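Have a look below at one chain only, the form predicted alone, in structure tokens format.
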Amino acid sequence: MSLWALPRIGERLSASLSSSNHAVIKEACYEELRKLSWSGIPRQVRPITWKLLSGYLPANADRRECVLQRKRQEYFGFIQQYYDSRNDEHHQDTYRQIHIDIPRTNPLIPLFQQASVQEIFERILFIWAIRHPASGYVQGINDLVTPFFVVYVFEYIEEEVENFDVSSLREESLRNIEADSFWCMSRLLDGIQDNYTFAQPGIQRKVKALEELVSRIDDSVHLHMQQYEVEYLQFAFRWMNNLLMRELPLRCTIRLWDTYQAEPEGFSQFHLYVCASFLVLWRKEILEERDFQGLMILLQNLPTMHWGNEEVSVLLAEAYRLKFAFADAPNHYKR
């Protein structure tokens, strides 16, 4: 695929999915769907496209409604079975940490400060944690619910979501959003669970790989960080733990995840190339800082508040170039 062709694919996706027979989705030709989704998915078809790309919805269109009903019932079966145990001695520490973390999730967006939304997040995270005892709940997983929740709210509303009052939705719609968010977040985490097991070995490996990759693609930035004793783990742990969600506006995360779900191993391997591209994007600002404190303040507060699709597209294009250049080399991170 030509790199320069990537921005035009979104137009084809929109045209294909807005056609009368929704041919791409009905046939669920996943390879074609991934190619069309890489450069961004139109809002009106993003919910069903994410469900297809994540594997939550089956390829067979005739089976989809049945599968949705079954999975939604299964999730609320978990609620009935497990949720009352949240205050038991065995689970109370997990629930307490979730309860503390939820209000910190996107604190500047009113949607996430609504009590009913916070209760939904608590249920999703608690059920996931007790069904995955190898890792349990780890801080950062709370962020990973938000893109799914927002995208699946869009299935039921036309207005902007940040100030939307979810109490105006029908109860059935809200239950569907909750269950769909749980299952899609679970599928994402299945691919990166070693990020959250004891000592978080997946993150440790990815941060080390990021350091080695940056040393190859921009030696000046790498040596500058070494000179002022900045360890990659000190800033990039959060980039891996939260998939850059703390570094980007939510609208940019959703756009980024269009591509992550279109990429094979998008949330694990491709994310590494995105992080490398993201770091060297700030090359000028990094090289201007002349002490440890200045570098850390910069790296933990990168100015992306006004970013939109254009900036994300540039970031993804550079990550794609790095992947193409390095991914197939046997020791592609190392000199």
Partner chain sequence: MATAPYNYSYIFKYIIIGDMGVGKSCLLHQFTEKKFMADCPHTIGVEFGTRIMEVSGQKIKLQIWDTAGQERFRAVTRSYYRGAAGALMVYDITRRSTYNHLSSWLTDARNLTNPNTVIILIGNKADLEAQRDVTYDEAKQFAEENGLLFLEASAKTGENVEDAFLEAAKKIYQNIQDGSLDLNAAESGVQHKPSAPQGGRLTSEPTPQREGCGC
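What you see is a predicted model; the values in this text were computed from it and never measured. Residue numbers count along the first chain shown, from 1.
The same protein has a further form, the form predicted together with the partner chain, not shown here; the description that follows concerns it.
The contact with the partner chain in the predicted complex, taken as any heavy atom within 4.5 Å, belongs to Glu288 out of Glu31, Glu65, Glu288, Glu310. A heavy atom within 4.5 Å of the partner chain in the predicted complex is found for exactly one of Gln114, Ser85, Ser215, Gln204: Gln204. Heavy atoms within 4.5 Å of the partner chain in the predicted complex are found in exactly one of 161 to 169, 144 to 152, 93 to 101, 71 to 79, that being 93 to 101. Contact check for Tyr228: a non-hydrogen atom falls within 4.5 Å of the partner chain in the predicted complex.
At the 4.5 Å threshold, heavy atoms of Arg246 reach the partner chain in the predicted complex. Of the heavy atoms in Gln300, some are within 4.5 Å of the partner chain in the predicted complex. Although the partner is absent here, Ala59 sits far enough away that none of its heavy atoms falls within 4.5 Å of the partner chain in the predicted complex. Within 4.5 angstroms of the partner chain in the predicted complex, the stretch 239 to 268 places a non-hydrogen atom from each of Asn241, Asn242, Arg246, taken in sequence order.
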